[in-house]
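The same protein chain appears twice below, in two forms, each given on its own as structure tokens and labelled structure 1 and structure 2.
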Structure 1
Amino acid sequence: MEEIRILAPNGVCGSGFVEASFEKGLCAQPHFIGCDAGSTDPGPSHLGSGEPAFPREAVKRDLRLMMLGARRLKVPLLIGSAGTAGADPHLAWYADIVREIAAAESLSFKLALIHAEQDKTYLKQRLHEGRIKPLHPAPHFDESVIERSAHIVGMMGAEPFMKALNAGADIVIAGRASDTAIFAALPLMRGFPEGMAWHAAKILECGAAAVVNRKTPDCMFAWLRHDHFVVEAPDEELRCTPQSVASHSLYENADPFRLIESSGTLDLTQSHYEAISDRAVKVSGSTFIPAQCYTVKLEGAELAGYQSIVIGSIRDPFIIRQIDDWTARLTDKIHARVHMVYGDRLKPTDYVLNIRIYGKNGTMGPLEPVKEILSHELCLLIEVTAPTQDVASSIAGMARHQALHLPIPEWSGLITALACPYNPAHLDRGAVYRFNINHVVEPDDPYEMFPMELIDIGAKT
């Protein structure tokens, strides 16, 4: 096989792409269509709650076009990190959409579902064997973290996708997966060199993000050969330049030259980028250093509590000039009031009170180098996180009232210090989660953490 052609409709399924670009991509006869569908970027609540970040109808629109395109060409469709976080609830949500589209469009195909949710007993066993290791920086990890987690996923490499393709899957919907593994799997099966295959995958996994003039999320196409690959966006208005393609390896990576996968490290230090037209770029020289030990990255989320917030603003220059002292006094007052109401039933360590001050350091927190407040008004966000929603809501109500009437020495008499734009003034935010794992597992093989189901969809009975 001299060449493998790959179509990536966009950087995340559900964000949209231009249908005409996709059709043009299909005309270039791809050997497969791949699409990433998740990330940690939308935050820990998606992994913790099992809720996807993109709306169902938006995902269905993209998925329907991809499924119809792939079945028309009779080529595989590979989707990774289903439903944002790729745990079992997300995978089931995706499988349901796939079934709905298949029924509506009378499609029949072999579907592979690859699970990435991790069994807690398995993880505890690996932990006791010393085969779970921290990355840097990593939160503290022990058996109680495994117990507390709402969901833990492993990030699969290319191998589980290869297994599904070898089993004859036409459409693969995978739980949490390395974005690049989706695109590297088939080329690696066909014997293309790892350096070029993984680098092409890295460009493709973000769709048209590597162009100079990205307008909206859209398609990218690659021609992978044995010593290089060429990338070009199907939309003729979109241009790749050597600089734009080289720049893409910077995006959301801590290190722009070394990208770590389960099976090794993609090394871009010798990569060469060359314009072969005003829209297409040829990339060569990328290498892959196989890992001494195969590792699978874990992602976990646990409940941090239930949250309520009060949003209010301050315009009085007397209060603004003493804002740090004012918030310190407010904090003491709120804790005192909570103790008055709950007594020993609720200790100060049972809940978290956080006051964010926009106009001071609300955006950057401890990283903010500007210490002087220059604004004539400040926005306060008073945030309470507690073991139950009821408690969070109650404390937020008390916080509102304490903040409203906190006295300052410059005025005598009852003041009202906080302007509240909403009524009721406090908002219940529900359950909030935190990421709690940045570790890797050393499994016996690349498959044991990722069980696969093969399902005949639309088969005549």
Structure 2
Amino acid sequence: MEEIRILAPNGVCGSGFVEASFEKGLCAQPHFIGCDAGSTDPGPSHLGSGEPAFPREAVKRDLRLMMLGARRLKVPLLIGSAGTAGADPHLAWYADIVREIAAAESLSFKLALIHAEQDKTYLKQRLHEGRIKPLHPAPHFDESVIERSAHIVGMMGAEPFMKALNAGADIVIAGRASDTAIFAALPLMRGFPEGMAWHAAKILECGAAAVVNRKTPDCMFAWLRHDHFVVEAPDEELRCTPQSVASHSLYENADPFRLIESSGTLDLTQSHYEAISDRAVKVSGSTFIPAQCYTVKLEGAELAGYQSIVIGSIRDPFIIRQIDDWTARLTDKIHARVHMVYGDRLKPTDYVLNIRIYGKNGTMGPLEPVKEILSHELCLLIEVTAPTQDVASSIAGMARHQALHLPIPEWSGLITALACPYNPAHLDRGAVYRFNINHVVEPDDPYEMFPMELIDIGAKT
């Protein structure tokens, strides 16, 4: 093949795209459609709980259009990181939506489901063999971390997608995957240079994010050739420029010139970006350095506890002027009250109390460079994480009352310091999770961690 044409509807399935843009992309006759469906960006709760970040109806809308378009053109549809975190519950959730759409639209195809959830016995074996290595920064990792993890996934490379396509899959729904692997797989199968394939994949994986005037999540199209690729958004109002395309290599990467994948490193030091119209950019010169050892990144999440929060505002200028002292005294008061109620049954290390001050440094905390409070009111978010929801709720209730009437030297008598917009004032968040793994595995091959199912959907005619 001299050219592979690729359509990426958006950066994450469920975020939406303009149907007219997608139809225009289909008219350009892509050889396949690819879409990322997940990320660690939404945090650890989705991996820990097995719940997706996007609503079912939003995912179904996007997926339906992609499935109909792919089957109309008889080209593959590749989805990676199904259901946000790509663990087995997320994969099953996606597979159910695919079956629902297929039944409603009378579609027939071969479906590949690629699992990314990791067997704990396998991981313990690899750990014992010294084949699990830390990335920086990495938390402590041992068998107890593996055992207490709610879910652990491996981030697959392009090879499992290639295996599914070679097996005749029309639609591939994969668990946790490298975003770029979704788009690099078929070009690599067809013998296109790795540097060109992986770089085009990097631009495509976020849909229309590499344009200068992005209005809403939307489509991106690429023409991949052996010595270059061209990217252009189907929407004629969107423009790619050399700067916008080149700058996308900064997105989610510590090094804008070296992007690491399971099988090697994409090297952009010699990449050249050229405008070939006022909307399209040609990219050449990208290379790929094969890895000496194939690695698969692990992601895990464990239960951190149960959480309750109190949201309240402070309007009193006297309190605002001494907010650091006031919140420090509030923290001490809450801890003292907890000890008064629970005694030695609950140690200070058994729960976490955190007070965020929005309007001061609620977003950046101690890294906030602006030290002067410029707002006339502050929002306090009092957060309690404890071993059970009952304990978290109890401490949050104590925190609310302590904050409500905590005095300052300028006032005498009973004052009201905190205005809470909700009743009851404390909100129970339920189980909360934390990431607990930032490591890579050295497998025997790129496939052993990612078992695949092939399923015939619908009646063949």
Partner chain sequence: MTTLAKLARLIRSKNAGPFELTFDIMFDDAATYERVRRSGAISREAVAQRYGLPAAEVKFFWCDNALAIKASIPRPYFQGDLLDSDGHGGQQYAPLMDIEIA
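If you superpose the two forms and keep the largest set of C-alpha atoms that fall within 1.5 Å, you have the rigid core. Counting starts at 1 and follows the sequence of structure 1. A quick note: this is a predicted structure, and the numbers were derived from the prediction, not measured.
Two forms of the same chain are shown on their own. Structure 2 is the form predicted alone.
Core-superposed comparison between the two structures: the C-alpha position of residue 424 differs by less than 2 Å.
Relative to the superposed core, residue 147 shifts its CA atom by less than 2 Å between the two structures. Of the two rigid parts, the smaller turns 8 degrees against the larger between the two structures, judged by C-alpha superposition. Taking the core as reference, the Cα of residue 369 moves 3.2 angstrom between the two structures.
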